[in-house]
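Quick setup: one chain, the form predicted alone, written in structure tokens, and binding and motion questions come after.
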């Protein structure tokens, strides 16, 4: 230094407490074994939906998922007992993993879904409960039915910061959403998923790889029937459209009541002003034109937009699935038609 004095020494605790610039989460890196464990758990329990804990490390802009374990399945027992047993089970599992020196830092959870039906209020509540203690947690969504169509339906989701702020303040009215410029696409953020393996696992897979290519054909790819998957998607899509129509009816009912109330307010104010004019003419004191206790001026609560936003998100998801699957099916049909012509 210019004055010749050495820089002040900092302890490890002081260095750890120094503010570090938080980088945005850009990639969720899942080890191959963890992905296989998630897929195995979700497939074995079909059609029941299951959940499990994700363990790993949060390093910079990468969230590494290095281990996982399933949660106990729920039966017909008391819900409070199940919550207590589930919490005790998680603590015991974390203690066992810590004893064998395995990563036991919670980074989120995984859950299975059926035909992409995961955008619910329960998922948002679970996110908020996790993020009370874990700032950057993710939810891995796996769809066994969608994966059976030849696509690995594995995605990582997190709630957007703006939506969490509005949800915590219970400010999901149309006016607040317009102020924040919050659209239905801004509830969830999808984080890219990267499957990785250690160098030892990669070398083992290379050793186990056969020299000659496999001769067994995957005949499932030649199936031309699109009825079951398409029918289910369209059935769920119609149900969502009905739910969205009911939500729109709620808002129409609210706006009708609001218009009726505003008309009543104007009529009451006109009557009061006429009465005050007569009182002034007779030399009496005018009555106040504002009466908060008057039922006419009672504020009507605006319905929450959350349900309609979630339903719209779900409709978009079903449409994407239909679009992607229909494109593959039409390509196979055109290919088979060309074969028949030859």
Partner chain sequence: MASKFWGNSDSESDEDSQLSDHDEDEVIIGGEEAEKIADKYRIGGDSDSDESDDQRRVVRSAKDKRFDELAQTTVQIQNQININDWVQLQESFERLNKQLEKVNRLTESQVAPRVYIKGLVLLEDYLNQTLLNKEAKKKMSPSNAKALNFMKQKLKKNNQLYQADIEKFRANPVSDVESDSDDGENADDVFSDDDDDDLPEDRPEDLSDDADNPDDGGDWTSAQKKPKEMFPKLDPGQISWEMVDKKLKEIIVARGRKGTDRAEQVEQLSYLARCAKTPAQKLEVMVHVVSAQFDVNPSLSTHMPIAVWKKCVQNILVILDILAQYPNIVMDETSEPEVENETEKGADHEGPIHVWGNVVAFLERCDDELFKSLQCIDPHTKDYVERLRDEPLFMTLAQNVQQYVERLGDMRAAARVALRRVEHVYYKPQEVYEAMRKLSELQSRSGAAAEAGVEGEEEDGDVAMKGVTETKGPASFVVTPEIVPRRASFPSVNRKLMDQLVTLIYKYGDERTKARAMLCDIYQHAISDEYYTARDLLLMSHLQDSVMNMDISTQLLFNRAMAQLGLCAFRESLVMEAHNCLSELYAGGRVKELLAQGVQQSRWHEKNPEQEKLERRRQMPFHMHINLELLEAVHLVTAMLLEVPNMASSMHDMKRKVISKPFRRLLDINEKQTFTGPPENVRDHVMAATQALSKGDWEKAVEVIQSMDVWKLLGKREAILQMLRGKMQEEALRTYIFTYSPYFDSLSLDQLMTMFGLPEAQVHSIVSKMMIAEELHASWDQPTRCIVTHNVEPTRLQALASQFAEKLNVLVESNEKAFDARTGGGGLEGMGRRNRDTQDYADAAGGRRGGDFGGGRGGNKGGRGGRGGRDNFGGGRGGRDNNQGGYNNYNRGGQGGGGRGYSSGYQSTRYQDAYSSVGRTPYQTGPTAAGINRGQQAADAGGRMVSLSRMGSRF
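Just so we're clear, the structure is a prediction, and the values are computed from it rather than from any experiment. Positions refer to the first chain, counted from 1.
Just so it is clear, the following notes concern the form predicted in complex with the partner chain, a form of the same protein that is not shown.
- Contact check for residue 95: every heavy atom lies farther than 4.5 Å from the partner chain in the predicted bound form.
- Residue contact with the partner chain in the predicted bound form: residue 100 places no heavy atom within 4.5 Å of it.
- Taking non-hydrogen atoms only, residue 195 never approaches the partner chain to within 4.5 angstroms in the predicted bound form.
- In the predicted bound form, the partner chain lies farther than 4.5 Å from every heavy atom of residue 151.
- Between the partner chain and the residues 201, 237, 124, 269, the one pair within 4.5 Å by heavy atoms in the predicted bound form involves 237.
- Checked against the partner chain in the predicted bound form, the candidates 185, 245, 169, 181 yield a single residue with a heavy atom inside 4.5 Å, and that residue is 245.
- Heavy atoms within 4.5 Å of the partner chain in the predicted bound form are found in exactly one of 130-138, 108-116, 247-255, 158-166, that being 247-255.
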